[in-house]
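Single chain ahead, written as C-alpha cells, the form predicted alone.
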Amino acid sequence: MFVSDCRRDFYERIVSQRVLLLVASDVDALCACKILQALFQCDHVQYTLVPVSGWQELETAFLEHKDQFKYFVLINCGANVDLLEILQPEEDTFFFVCDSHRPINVVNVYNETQIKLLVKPDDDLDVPAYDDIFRDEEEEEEESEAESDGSEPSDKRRRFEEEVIERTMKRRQRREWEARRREILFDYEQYEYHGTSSAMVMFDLAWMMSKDLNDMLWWAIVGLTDQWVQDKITQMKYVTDIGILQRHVSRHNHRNEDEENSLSIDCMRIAFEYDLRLALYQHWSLYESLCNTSYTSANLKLWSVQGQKRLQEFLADMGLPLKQVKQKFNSMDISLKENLKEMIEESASKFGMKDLRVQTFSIHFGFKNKFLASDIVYATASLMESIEKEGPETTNFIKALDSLSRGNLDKLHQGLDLAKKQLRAIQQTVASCICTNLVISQGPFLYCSLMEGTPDVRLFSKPVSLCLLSKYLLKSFVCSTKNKRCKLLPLIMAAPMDVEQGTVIMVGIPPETESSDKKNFFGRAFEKAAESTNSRTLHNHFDMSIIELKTEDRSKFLDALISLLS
C-alpha cells in the first residue's frame, strides 16, 4: 500500500518502536540510510542496521531478527518482488519499503495491512487496477438440482440446460479474464527501471518534519547523483530533480553570500554549479581525468593511435601545455584554472563533445576541501566494492557509510584513490575489449565475455563495477563501430564470479541511444531463458538484470536468449 503521509503513517508509527534497517549495497541506499539515522538520532529511536547485498542475505537477516523486531525498514530493496511470499512473516510484522526499483510488485501495492511503500506521489507508476488482476474466489456453486414439485421432467431439463449454459459462459469469462490479466501483468512487469532516489524521499520526510539539515541535503544530492553516474535515470528526470534540490540548496546556503552574516570558514556550504563532466578531475590530473572518463574517452576514441593524436590536438586547441595538464589539478597554474571550464567547453564543442558541462552541486568545508557530488559517488562506491580483504563482509559497507560523514576525510580520500584505480581498470579493459574485437553481435544483442586471467577481473565480479564497465564499453563500442544496426543494440556482459564454484556473473544493459528511456527488459528475458533451458542460475541481486550462472550452462542460456529476443 502506498503511504500518502510519510510523517503520520511511517515515522510516527516507528518512532517509539525498535526498528530493523535493511539497507542495500548501493550509494543511494547508503545516503537514504544516513538521513534516516540522523532523524533517529534526533528522536532517540532504537534501531539495528543490517547491510544486505541480495535476496539471500535479506531472507537470512529477516529470519535471524524476526523474533526481536516487528518493524522493518527496507531501503532500495524489496519493492519489486512479492515480499510476503518470500519472507512468510507473522501477521503482526510490518514492512516499510523505500525502494527506487520499478515496477513495484502488485501484491505489495494492494496489501493494505503489512506492507507500506514510501514512494513520491509524482512518480508515474502505471499500476494496473485492482479488479484487472485480482478477483474474489467465487463461491462454489451449489449444484443443487432443485427438485420440482410437479412431475414435469421437461421443466427440470430446461433448468438444467440453462445452468450448463450459464456455467460454460462463466468459465469462458474467467478464461478471458485470466488471459487479459496475464497480458496486463506482462506489459506492467516487462521493463525494469528506476524511480525517484530513496535519499530524496527520505530528505522529503525530514523537510516535512522541519528537521532537515545541510548534511541531509548533501546526502540527498549524492543519492541523486549516484543514479545519474550509474545511468539509472533519464537526463530529463535528473534535471527535474536537480531543480527540486536547487531550491533547498538556496534555502539552506543563502547566508554565505551575505558579507555581514557570513559563516565561519569551517562551516559546510553547498553550491549549485555547471561543472565539467570529467571524473574526479579536481583530485587527479586533467590529463588522467580526460583519459579515464567514459564520455571523453569514447568520443575521442582514445584506445586507438588516432584517438591519442586527437587528444593532443584537443589540448593544443585549448592552449594548455602538457606539463600543466599532467600535474595534479591543485598544482596547476592559477591563471590557467580561472577560465578552464570555458576553455575546455569551447574546444570540446569543436571536437563533437557538446555535453561536457553538466548541472551538479559542490560542497566546501574548510579552506581546501571542495568536492563535487560525483566525486563522493565514485569514492563511496569504490569503498563498498573494494576487493582488498579486511575482516568480515560488512567492513566495506561500514567504511563506505562512514566516508559520507564530514568527519571522516581520510576514508573519503582512501575512496578517491580506489576510485581512480577502478576507473583506470575500466578504461584499460574497455580498450582491450575493443582492440581485440571481444564485443560480438549475437543478433538481437551484443555480447562480451571477460576471460579468467584478464587484468582486474576480480574487480568486475562485483555488480556495480561490472555495470559501470558495461555502460562504458557500450558507449565506446557505439562510437567505434561503423555498423549502424549495432549502434542500436543492447549489451550483455559476462565476467567470472567464482572460479572454484564455476560461476559467471552476467549483466544486461539497454541500448545506448539519445532518446533512451533507461528501461531494461533483460530481467524478464533472463528469467524466461533460464526456465526454458533449466540453466542453473541464481537471481540474487535486487536488480533483476544481473544474474549468476553456472559456466557450463552459459552457451545454452545464450542460445535461449537469442531465440527469445529474435
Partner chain sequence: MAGERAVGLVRELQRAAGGHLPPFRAEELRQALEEMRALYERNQADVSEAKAGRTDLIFLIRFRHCCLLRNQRCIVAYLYDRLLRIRALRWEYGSILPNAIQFHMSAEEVEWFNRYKKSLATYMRSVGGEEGLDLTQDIKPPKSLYIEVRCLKDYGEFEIEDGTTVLLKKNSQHFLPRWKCEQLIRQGVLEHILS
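Numbering follows the first chain given and starts at 1. Source: prediction; values computed, not measured.
The next section is about a form of this same protein that is not shown, the form predicted in complex with the partner chain.
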Would you point out which of 535-543, 522-530, 40-48, 505-513 contains residues with a non-hydrogen atom within 4.5 Å of the partner chain in the predicted complex?
40-48
Contact residue in the predicted complex, from 345, 192, 212, 402 (heavy atom within 4.5 Å of the partner chain)
402
In the predicted complex, which of the listed residues (304, 246, 394, 359) lies with a heavy atom within 4.5 Å of the partner chain?
394
Consider residue 501 of the chain shown here, and say whether it contacts the partner chain in the predicted complex, taking contact as heavy atoms within 4.5 Å.
no
Any chance residue 64 has a heavy atom within 4.5 Å of the partner chain in the predicted complex?
yes
With the partner left out of view, is residue 18 within 4.5 angstroms of the partner chain in the predicted complex by any non-hydrogen atom?
yes
Using heavy atoms and a 4.5 Å limit, would one call residue 398 a contact residue for the partner chain in the predicted complex?
yes
Given a 4.5 Å distance limit between heavy atoms, list every residue of 160-185 close to the partner chain in the predicted complex, or none if there are none.
none
